[in-house]
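Next up: just one chain, as structure tokens, the form predicted on its own.
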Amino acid sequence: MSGNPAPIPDPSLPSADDAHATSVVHQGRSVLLEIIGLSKRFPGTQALSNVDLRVRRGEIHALCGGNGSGKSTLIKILAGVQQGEPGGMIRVGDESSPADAVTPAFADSAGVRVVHQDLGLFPDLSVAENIALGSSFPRRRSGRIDWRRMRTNAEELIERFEIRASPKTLLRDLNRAIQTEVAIARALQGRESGHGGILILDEPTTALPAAEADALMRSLRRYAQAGQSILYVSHRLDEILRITDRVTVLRDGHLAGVHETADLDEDALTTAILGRSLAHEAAVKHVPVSSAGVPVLQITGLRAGPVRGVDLEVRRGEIVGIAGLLGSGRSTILRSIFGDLDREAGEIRVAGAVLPKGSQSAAISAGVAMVPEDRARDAAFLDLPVAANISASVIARYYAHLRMQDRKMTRDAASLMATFGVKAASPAVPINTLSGGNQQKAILARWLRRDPELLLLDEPTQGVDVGARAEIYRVVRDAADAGTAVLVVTSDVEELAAVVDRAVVLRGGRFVAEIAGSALLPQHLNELIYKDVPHVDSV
């Protein structure tokens, strides 16, 4: 499954038919980045083991693998944030270094530039100011900032990278795709040719709807055609197949294969990443929901933020999805139910009980559980052990006689880790050492151990590999089969169509459609989501 709504084919992006021709062009180009025998060991974990990687000049090269496969470690070593083990070698262009001696200074000199999922931009500053923060503000002889030269420098970059903005535009007034272009321009400034070194993009489209992701991919293809080498990291398989020339796959820290993208389809790429096919595994089945079923969630006239008066019911054992563009109010509905956001008007009932406004404790007491979109910021206690994270929702159970019963908590957590498939060395390791998929399963275990009446899921598989996605939704379906009502928000309409029993479409803060059964198709959802919506690329 992809992490994006099913895109409408774009003639400016490579298709399956012309991917082979694109690949042949790149086969004649020299190698820009070469990694030989890269290994990295952390206490108790072999993160990388004798990995080789080669990226050609002007190539978009995908780095794929499940959570915990070693992708992030490889990127950190390339950037000089961490060092590899002795014996490995890294070469970028004409500069090389032993893997155990790579420093940020070497990476900078060699032209390694990384744009992370968190772009590191400042929304209340202008495009010109954000670009200047990537190097230095030009100064007059007096030492004061030369604002005119700063804007001129930004204008040159904007023109070179064809960014649809002006130097004075505030970042917050741009869509996410254009903000990413600004981050890329900031990273690549100072290169006269505009295509030196290696540009590493780590999950650049995670928060983008389909149209904005397409706009960004067009820009990336344009950069590559100008000679820029790009190492592209993403869990979105459809993007990898559409935009990249070759794919290197890591699995459990080992090199699992290098493939010409033209030789792959989504099933083949999934098999390469997981080491097995998902085709034989039981698919998540739609469960017919009786119209006479018991309503667990009842929303009447909800008004909050962009949400302008919505009604909704979710019945026991039912999984309902909310489809819509970013900003349509999807997350606002979940947060209003959970009491994380105060509502302006409307009534919310869970299992017959009216929830007061803005009270998470009341929602939790009524049987509501929520897995938020940003687990690192809003759900996981990153420095605490897995056991403490899994136990956070019932922590009072382990406090007796003025002390915490740590052994009992660890023993229970170990049992839950086995039940929910959380892979970790032990319940005692910090949760930030786990892959994204295992962190998400630990958060699910935290809430599902309470047997909630209502489970709210906001982008539950964001940044999670294809194998972990299937595991997460099996856990969710099991909870629904046990009687929990589930309300899920995801930008991936293919995922939504595959896992929910019914979907409601939110547009302009209002529900405009409800579909189920044979009509619950990705293309139908996309049509309803984007109907009468202006083209997202315009600024």
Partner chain sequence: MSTVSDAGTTGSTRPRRSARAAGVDVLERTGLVLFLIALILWFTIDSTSGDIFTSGANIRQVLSNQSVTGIIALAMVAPLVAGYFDLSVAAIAGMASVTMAALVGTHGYPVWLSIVLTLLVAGIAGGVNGVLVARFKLNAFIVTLGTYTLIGGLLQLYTEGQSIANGIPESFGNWGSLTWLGVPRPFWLLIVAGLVLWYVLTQIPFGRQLESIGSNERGARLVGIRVDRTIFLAFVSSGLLAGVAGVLLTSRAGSADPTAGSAYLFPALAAVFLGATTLRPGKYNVWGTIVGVFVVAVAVNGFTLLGADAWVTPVFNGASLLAAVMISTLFARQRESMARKVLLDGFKREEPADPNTNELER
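If you're wondering where the values come from, they're calculated on a predicted model, not measured in any experiment. Positions refer to the first chain, counted from 1.
There is another form of the same protein, the form predicted together with the partner chain; it is not shown, and what comes next is about it.
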| query | finding |
| --- | --- |
| Site test, 59, 159 and 215 vs the partner chain in the model of the complex, non-hydrogen atom cutoff 4.5 Å | no |
| Candidate stretches 387-395, 181-189, 150-158, 120-128 - the one whose heavy atoms come within 4.5 Å of the partner chain in the model of the complex | 387-395 |
| Contact residue in the model of the complex, from 406, 342, 260, 108 (heavy atom within 4.5 Å of the partner chain) | 406 |
| Candidate from 144, 172, 377, 168 lying within 4.5 Å of the partner chain in the model of the complex - any heavy atom | 377 |
| 4.5 Å heavy atom contact, residue 422 and the partner chain in the model of the complex | yes |
| The partner chain contact in the model of the complex: residue 267, any heavy atom under 4.5 Å | no |
| In the model of the complex, residue 417 touching the partner chain (heavy atom, 4.5 Å) | yes |
| Distance check, residue 351 to the partner chain in the model of the complex, heavy atom within 4.5 Å | no |
| Residues in 431-448 with any heavy atom within 4.5 Å of the partner chain in the model of the complex | 432, 433, 434, 435, 438, 446, 447 |
| Comparison of CA distance in the model of the complex with shown form for residue 331, residue 173, at least 3 Å | farther |
| Cα-Cα trend for residue 324 and residue 267, given that in the model of the complex the distance shifts by 3 Å or more | closer |
